[in-house]
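One chain comes next, on its own, written out as structure tokens in the form predicted on its own.
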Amino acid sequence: MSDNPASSKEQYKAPITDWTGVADGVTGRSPLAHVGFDELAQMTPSDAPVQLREYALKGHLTLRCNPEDAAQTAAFEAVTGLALPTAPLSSVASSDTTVRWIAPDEWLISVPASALFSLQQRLQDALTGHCALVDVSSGLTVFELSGERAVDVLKKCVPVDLHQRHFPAGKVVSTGFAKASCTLRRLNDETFELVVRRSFADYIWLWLQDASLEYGLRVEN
């Protein structure tokens, strides 16, 4: 068994965390609540070249619309303050909103959970014509993988060319991850965001521990 607590099965002895408030009258729970990230953050080495953080319980919407419909794209920008990213594999982001191109007529929007209902209502009121807006928050969670060896870890996980020439900051791909899947976005040279299904969260967490073992992994909360 490894001396690195983040790769040890001892993590499962950590107490399950309390339910966490998401929005008014709504509660939720991280799919990795059983892991005890707060405890692991105190145990893993501060100088590890790979860092992992979970952003659980965010709000997520999928939008299907026509990118050539000027009224729809203008309405989206008026509500969010962001231009709908129509270039393949692109994304746009503000301090609290991220919009990822998923397909020619599909986007994944992420916001703080407390802002989700308001954004959904405003978009539904503003968008006209043939379109669809669906709350998919309960099915997803978000990991952030960073550090000087983050690319080396991801090379073991995804069949994607991660060289900055081919995968610059802001690029998004929906890809296989080990035997699961994820939506991968590069935030900067050494930081990546992984949007994964809740049902895959534990498997991907264990896989990332194993893939990071030769470098060292720090869990952040």
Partner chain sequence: MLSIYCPHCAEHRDEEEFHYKGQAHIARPSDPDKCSDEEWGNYMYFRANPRGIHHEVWVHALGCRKFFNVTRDTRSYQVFESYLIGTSPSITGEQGGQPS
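All of these numbers come straight from a predicted model, not from anything done at the bench. Positions refer to the first chain, counted from 1.
One more form of this protein exists, namely the form predicted together with its partner chain; it is left out here, but the text below deals with it.
Candidate site formed by Ala93, Gly170 and Arg185: none of these residues places a non-hydrogen atom within 4.5 angstroms of its partner chain in the model of the complex.
The shortest heavy atom separation between Val160 and its partner chain in the model of the complex is within 4.5 Å. At a distance threshold of 4.5 angstroms between non-hydrogen atoms, Asn66 is out of contact with its partner chain in the model of the complex.
At a distance threshold of 4.5 angstroms between non-hydrogen atoms, Gly81 is out of contact with its partner chain in the model of the complex. In the model of the complex, Ala74 stays away from its partner chain, with no heavy atom inside 4.5 Å. Proximity to its partner chain in the model of the complex, taken as a non-hydrogen atom within 4.5 angstroms, holds for one residue of Ala113, Val151, Ala126, Leu89, which is Leu89.
The chain is drawn here without its partner chain; in the model of the complex, the stretch among 188 to 196, 66 to 74, 175 to 183, 40 to 48 whose residues come within 4.5 Å of it by any heavy atom is 175 to 183. Annotation for 88 to 107: interface residues with its partner chain in the model of the complex are Pro88, Leu89, Trp101, Ile102, Ala103, Pro104, Asp105, Glu106 [heavy atom within 4.5 Å].
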